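The form predicted alone is given below as one chain in structure tokens.
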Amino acid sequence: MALKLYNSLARKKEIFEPIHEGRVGMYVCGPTVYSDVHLGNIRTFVSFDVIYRYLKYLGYKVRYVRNITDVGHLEGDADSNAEDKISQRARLEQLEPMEIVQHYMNGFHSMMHRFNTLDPNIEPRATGHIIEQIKMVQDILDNGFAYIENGSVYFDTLKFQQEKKVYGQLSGRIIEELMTETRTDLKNQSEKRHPSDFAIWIKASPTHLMRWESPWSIGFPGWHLECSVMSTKYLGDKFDIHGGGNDLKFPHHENEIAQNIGACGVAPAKYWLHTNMLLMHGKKMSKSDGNSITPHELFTGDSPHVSKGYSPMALRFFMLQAHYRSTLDISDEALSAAEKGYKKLMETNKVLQNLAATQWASTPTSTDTEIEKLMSETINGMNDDFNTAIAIGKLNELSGYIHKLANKQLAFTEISESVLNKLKAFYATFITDVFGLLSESEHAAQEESTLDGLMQLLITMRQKARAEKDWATSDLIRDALGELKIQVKDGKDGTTWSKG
């Protein structure tokens, strides 16, 4: 069965045919780093991690690009009076914007590593591509799809729709309704000529913290622009897959398509993939009504919504039990069941890898046929729009044969050695390389290794600061580690650390 994926743009499943044979370019919208990453984001990035892993499993050479939004994501309407989310947080905490960015970006990376996601091949930041964003704004202006008002530049959606007739195709947004809206007193509401227009360059107010010079004003780029710029820079004007959460279809992804056509003449991606919502007790998670939980609370169990803490691997397995386009409902009962399912899967793999025999079937058997059929159906499940739920179900069916062999309910003479060896490799590869699941002991060792690497980096930075008599930085590192109950000791043989 060929790989099929659900293309949000076409609203149907399509056979995956990459633009360049054997290669895949995939762009996924990353986080805006002004707060801790939430579970909905984690589900999206875990889903695309599995997609990335599976494409590699199929033999594709994948270039996976996932951006970091560190400027331009506004609070409220995208006009000159709105404030960038990172600038707003920096002002509240009396810090430099890049301090906010670094803190929450580090936290994001740490959290994603706890869920054992692979790093993308390229992780560009919006602030590192200001020159390219200014150029794309100019290209859009030159092509007649934008206008300048008081130093800000707006995308002209009405003219774009009249000429290209594609705005709204991805999201299903009916542009005709916007085109027929009454425009009385519009200029008193905004600088935009029409409500559907959006800012691609925003003139900064005198107090705005993040600002760059441009031909139009001292300002900053619009949020939608960065993804158009960075996806095309690293993947080309046309690439294979663009992904993100369902909430990004409109306006973010719709506006990306408009920008790319406005600047480059073509829509950026061939296939658009979107993950669905994470619910809690059947409702959208909300801090205001107490219907929410953080990743840390799930790890520790320090929440009224759970009876105990759950490991990152059990939580990852929980997310994989549902198809990425389906809603997923968090409850203590569902998490507990997922934990049992995860442990059963890992234990089954351990049992399988330890199976050994001296006698085998001399010719292919019906058991061989049934096992190979289930392995094929596991792959077919993943080929059906990366359906992890089907694939897990087929692995569970295979586990029945594994435990029958282990319990001697099924004789080794009923299976060939080659099929058992194939099953061992297949089962382990799918669990580890495709699903990204590790045993608790493997995951703990991995986290310990990551912590040790980070500590060695901090110790080196502290030693450098001390050598340069930068006592403030040295003390800052020591005190910050102290708050985390990590003790740093300087001795004649060097610096060591330990958990308090």
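Residue numbers here begin at 1 and follow the sequence given. Quick caveat, the model's predicted, so the values are computed rather than measured.
Quick note: we don't show the form predicted in complex with a small molecule, though the next part is all about it.
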item: Location of the small molecule contact in the predicted complex, chosen stretch of 310-318, 244-252, 399-407, 228-236 [non-hydrogen atom, 4.5 Å]; value: 244-252
item: Candidate spot 101, 109 and 295, all three touching the small molecule in the predicted complex (heavy atom, 4.5 Å); value: no
item: 4.5 angstroms heavy atom contact with the small molecule in the predicted complex for residue 276; value: yes
item: 4.5 Å heavy atom contact, residue 224 and the small molecule in the predicted complex; value: no
item: Non-hydrogen atom contact residue 31 with the small molecule in the predicted complex at 4.5 angstroms; value: yes
item: Residue 466, heavy atom within 4.5 angstroms of the small molecule in the predicted complex; value: no
item: Contact residue in the predicted complex, chosen from 89, 394, 73, 114 - any heavy atom within 4.5 Å of the small molecule; value: 73
item: Single option in 350, 284, 135, 165 placed near the small molecule in the predicted complex, where near means a heavy atom within 4.5 Å; value: 284
